[in-house]
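Starting off, we have a lone chain in the form predicted on its own, written out as structure tokens.
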């Protein structure tokens, strides 16, 4: 039986304290139909996808200290501890922007970038990949960021999956720009439409809440490049809360912040951070648990998402990896 390509696995989040753990493996066993899916992917894409996991972290804002969060880097450091405590070591960590908090003092900003690198280097993972947020790159058009972290947009392949880092902040406004769009088209041109692609960026590539600066001005142009591909996942930060959005074959996931949270814009009028709670210092910086094909789910992909608050106590119930498949009925 030839697998329906709509049944390929979709990169999916599972609970991992602060941040999200992603698993590149279908929920079914790697034999039978799932094994055929991987073989089909390998034949179509030139490289067989092999199982692996990775972590997305976002918005550490190293250097920020004060209301609404007086804890500085404590949540970031706790996330590092949790990554290192995973029973299965992730292959890589993707950090989706605002690594640091901006300042017009270049020396201070440089020190914050050094501090970010020192803390992140404690993670026992083979590879850490970053994209800038506006706090990292907006004031100097990514000049200092590139000194510490290299190019702001790039791509790489890992175990049969193509990763694309997009920069939608370095122009000092929420924009990708014509040069990067041209690069993206050329980068993806060598892949068949069935290739599994992960895009990671800082701002959302769709108009989530434009009056809160939750958008990318030329996001529609980026989406026009991505939409023809059948297995695309976009990971982003910036909004300091989780969010799931589907647009055609493209699935968008936001990770929570490592510093403070913003409220649901559907429930409040003003963009004000959620106040710090000294009794629950990591409140709203918690766990996202995703389950596929959950009964009673109203999602078109049959996905149920549960948030589990991160606490100062031991982290319970977070072991294991939940995989997600596209609904074959889509």
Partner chain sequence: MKSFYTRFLLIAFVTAVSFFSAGPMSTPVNAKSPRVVEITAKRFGFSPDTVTLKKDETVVLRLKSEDVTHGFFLRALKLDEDISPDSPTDITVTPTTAGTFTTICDHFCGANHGNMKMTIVVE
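Every value quoted in this text rests on a predicted model; they were computed, and no experiment measured them. Residue numbers count along the first chain shown, from 1.
What comes next is about the form predicted together with its partner chain, which is not displayed.
Screening 148, 183, 215, 191 for any heavy atom within 4.5 Å of its partner chain in the model of the complex leaves a single hit, 215. A heavy atom within 4.5 Å of its partner chain in the model of the complex is found for one listed residue only; from 101, 240, 162, 251, this is 101. When its partner chain is considered in the model of the complex, residue 210 lines it closely, a heavy atom lying within 4.5 Å.
Residue contact check for residue 143: none of its heavy atoms lie within 4.5 Å of its partner chain in the model of the complex.
Although the partner is absent here, residue 139 is a contact residue: one of its heavy atoms lies within 4.5 angstroms of its partner chain in the model of the complex. Taking the partner from the other structure, its partner chain in the model of the complex has no heavy atom within 4.5 Å of any heavy atom of residue 256. Proximity to its partner chain in the model of the complex, taken as heavy atoms within 4.5 Å, picks out 166-174 from the listed stretches 70-78, 166-174, 228-236, 191-199.
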